[in-house]
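Below you will find one chain, with nothing else, as structure tokens; this is the form predicted on its own, and questions on how it binds or moves follow later.
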Amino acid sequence: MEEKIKIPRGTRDFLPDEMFKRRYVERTIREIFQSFGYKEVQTPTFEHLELFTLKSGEEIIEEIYAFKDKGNRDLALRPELTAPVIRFYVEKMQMEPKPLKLFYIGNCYRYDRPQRGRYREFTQVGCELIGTDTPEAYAELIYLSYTILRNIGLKNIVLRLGNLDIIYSLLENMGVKKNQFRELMHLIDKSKFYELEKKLFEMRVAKSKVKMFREFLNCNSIEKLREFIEAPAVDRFREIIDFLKVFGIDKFEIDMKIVRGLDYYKGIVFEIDAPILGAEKQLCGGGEYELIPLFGGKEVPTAGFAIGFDRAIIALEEEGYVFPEQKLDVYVIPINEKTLKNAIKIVNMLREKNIIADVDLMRRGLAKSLKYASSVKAKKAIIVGPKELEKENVIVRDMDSGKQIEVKMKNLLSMIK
């Protein structure tokens, strides 16, 4: 006997009930984006490999699905959606009125070690704000990410804010050269603070300044930041935070250890966590970045964020969120073959009026059909019997209470609604 073909590692199948949950959350997210003036875009599932190596370096090849096509071109399944959307912008949207607010929901692929909340195929939700860098614009962007996670039903989320321009200004004051920033940012991103101190010593930074930098990374307020550095970036950070409060968010943490770990980020950066998920708690990450010139476009302010959709669903389940159930409004049951055509006409009429309806297609008996109607969570069953049809009536049964009444066909629609 041949072995069954199994699902590839790191991917998942979703049952109808799971897909109903996912589409329900997805629909809520779409509505929130649109209410903020964002418009949806879609890019190809695969792109030229260079798009991702330009953005993240050659080392990303180890982490993605890269391949040659039949024309010997180097392609890759998209590991994220920011680079494709910026490529799309440079190619076709540079002349659009600004600010440009774009959002997306799509599958991405990474050759990662599968674990809970981390898959090789996953759904990314995100957006890009192009053409404005005012403090109020960035405050609204952060507020949008927070609103999405709160409005899909998450109760316990933590917003953390950082600022790379402040870190860069302090490092320059310490005598660190710009071409050395990347290595230090990587160590901060990975929380390798012992190695960070060691590297600063190797860069001939004074012991007192290294100690000061460690204290700076633990700052949790604007006032404390000013004790370490006076720079325009601190004032700008303060402005964004003030606007964030205007938008209604006054619960957040300042965390200077947020660096996002990628060269193209700058200025404000932020993350949102769901503590209930433990080690894999991060749901959202974003901030200001600079990619457009790298892809051949004219420099313009850009910022955005990405939400791990799959992880957000897990967080909702962990918090005990009660998703709505997928239910049929009506299940139509013909008693015998003579009433089958009438039953089909009834179900068609209901569907035309946007009532979720199904009809027995297996010519089962009444008892089995009612059992099936119960199993698919139908709210009502319409029983189409020959005696009732003679009087132009049908029987409507409430599936929860079991009560049933005879209803005139002409009154059926208003009664169901």
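For every residue, the number given is its place in the sequence shown, counted from 1. Computed from a predicted structure; not experimentally measured.
Just so it is clear, the following notes concern the form predicted in complex with the RNA, a form of the same protein that is not shown.
S.K.: Tell me, which of Lys345, Lys245, Arg150, Lys190 has a heavy atom within 4.5 angstroms of the RNA in the predicted complex?
M.R.: None of the other options qualify; the answer is Lys190.
S.K.: From the list Ile254, Leu75, Ile335, Ala139, which entry has a heavy atom within 4.5 Å of the RNA in the predicted complex?
M.R.: Here the answer is residue option Ile335.
S.K.: Is the gap between Val359 and the RNA in the predicted complex 4.5 Å or less for some heavy atom pair?
M.R.: Although the RNA is absent here, Val359 would stay clear of it in the predicted complex, with no heavy atoms inside 4.5 Å.
S.K.: Is there a heavy atom of Ser374 lying 4.5 Å or less from a heavy atom of the RNA in the predicted complex?
M.R.: Looking in the predicted complex, residue contacts with the RNA include Ser374, since a heavy atom lies within 4.5 Å.
S.K.: In the predicted complex, does Gln115 have a heavy atom within 4.5 Å of the RNA?
M.R.: Within the cut-off, so yes.
S.K.: Going by a heavy atom distance of 4.5 Å, is Lys410 a contact of the RNA in the predicted complex?
M.R.: Lys410: no contact with the RNA in the predicted complex.
S.K.: Just one of 150 to 158, 93 to 101, 237 to 245, 116 to 124 has residues with a heavy atom within 4.5 Å of the RNA in the predicted complex, so point it out.
M.R.: Stretch with heavy atoms near the partner: 116 to 124.
S.K.: Within 219 to 256, which residues have a heavy atom closer than or equal to 4.5 Å from the RNA in the predicted complex?
M.R.: None of them.
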